[in-house]
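Take a look at this single chain in structure tokens; it is the form predicted alone.
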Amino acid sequence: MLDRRSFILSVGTAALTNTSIAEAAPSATADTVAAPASGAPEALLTLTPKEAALLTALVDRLIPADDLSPSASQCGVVTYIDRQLAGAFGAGARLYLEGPFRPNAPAVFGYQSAMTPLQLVQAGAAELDDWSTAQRGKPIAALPAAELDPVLKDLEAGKITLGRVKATAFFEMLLQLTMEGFFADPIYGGNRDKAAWRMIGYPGLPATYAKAIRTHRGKRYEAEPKSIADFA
């Protein structure tokens, strides 16, 4: 598993351009459920409180709070995941789900499961919680951070057996949704206060900089990031 700085450097730009990072995990933003961003806690649309607590614990280890930004959940990543899973993406509207599938196919083969993304996340969360309770004596949300990092590494490496859900498939889906929620436009529920964009200096929606070139020639270009909502 990448450390946080490597993670940010390697995926930030790609996520902003809606490029699939983990190719086997489908991207959610094409079938998104958009809603106004908010700094307040959001009502869950499809996840249960227990599922949201598990995801909060995991995404906050992928992107913990530090001097670069707030944590993933503080940036609304769990809200983003909940909204995506509640819509067409969660239902697998654009995914082929009828098989046959190749369990160990390379990422270029794409999504390899009969489960919709919502089913995969919910089943994976339940099975991971069962595994954690059996192996660690506590559900995922109750584990200290120091115990969560090895769990994530073992998920990524496929060293944990969950049951119906392949550990690597659950990890790839979690990582993909976390990156999207952290870097996507705030209108989708994540990237609160454009924290990820401010961190990397991304200006957001405007794509025309002809005038800015004249006034910033030879100077660092710094601009207040603009979301889709800013132009609504």
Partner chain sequence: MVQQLKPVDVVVVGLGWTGAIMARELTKAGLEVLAIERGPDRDAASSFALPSIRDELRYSIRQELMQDAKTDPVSFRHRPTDEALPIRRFGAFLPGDGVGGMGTHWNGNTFRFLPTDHRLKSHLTERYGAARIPDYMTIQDWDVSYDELEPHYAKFEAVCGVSGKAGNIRGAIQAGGNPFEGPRSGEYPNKPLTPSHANELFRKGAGDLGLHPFPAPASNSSAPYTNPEGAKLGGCQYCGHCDRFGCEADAKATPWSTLGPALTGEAKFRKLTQAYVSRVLYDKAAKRATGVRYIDVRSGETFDQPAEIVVLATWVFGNTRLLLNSGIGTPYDPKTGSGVVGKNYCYQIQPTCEVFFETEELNPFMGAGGLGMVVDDFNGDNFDHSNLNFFGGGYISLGSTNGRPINFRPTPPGTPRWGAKWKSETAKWYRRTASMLVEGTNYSSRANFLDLDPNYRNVFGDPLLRVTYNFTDNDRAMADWVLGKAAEIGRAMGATVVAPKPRKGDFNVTAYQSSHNSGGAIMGKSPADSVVNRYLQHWDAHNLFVVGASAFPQNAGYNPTAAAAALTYWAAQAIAGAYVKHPAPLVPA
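Bear in mind the structure is a predicted one, so any value in this text is a computation, not a measurement. Rigid core: the largest C-alpha set superposing within 1.5 Å between the two forms. Positions refer to the first chain, counted from 1.
Not on display, but discussed next: the form predicted together with its partner chain.
- In the predicted bound form, Gly110 approaches its partner chain with a heavy atom inside 4.5 Å.
- Within this chain, Leu44 is remote from the site of its partner chain in the predicted bound form, having no heavy atom within 4.5 Å.
- Contact between Glu51 and its partner chain in the predicted bound form is not found at the 4.5 Å heavy atom cutoff.
- Among residues of the shown chain, Thr56 is not one whose heavy atoms approach its partner chain to within 4.5 Å in the predicted bound form.
- The chain is drawn here without its partner chain; in the predicted bound form, the stretch among 158 to 166, 136 to 144, 122 to 130, 84 to 92 whose residues come within 4.5 Å of it by any heavy atom is 84 to 92.
- Shown without its partner, the chain has Phe183, Ala184, Ile187, Tyr188, Trp197, Met199, Ile200, Gly201, Tyr202, Pro203, Leu205, Pro206, Ala207, Thr208, Tyr209, Ala210, Ala212, Ile213, Arg214, His216, Arg217, Gly218, Lys219, Arg220, Tyr221 in segment 183 to 221 as residues with a non-hydrogen atom within 4.5 angstroms of its partner chain in the predicted bound form.
- With the core held fixed, the Cα of Tyr96 is displaced between this form and the one not shown by less than 2 Å.
- Once both forms are fitted on their rigid core, the CA atom of Pro106 lies 2 Å or more apart between this form and the one not shown.
- Comparing the forms between this form and the one not shown, the C-alpha position of Ala212 differs by 2 angstroms or more, with the core used for superposition.
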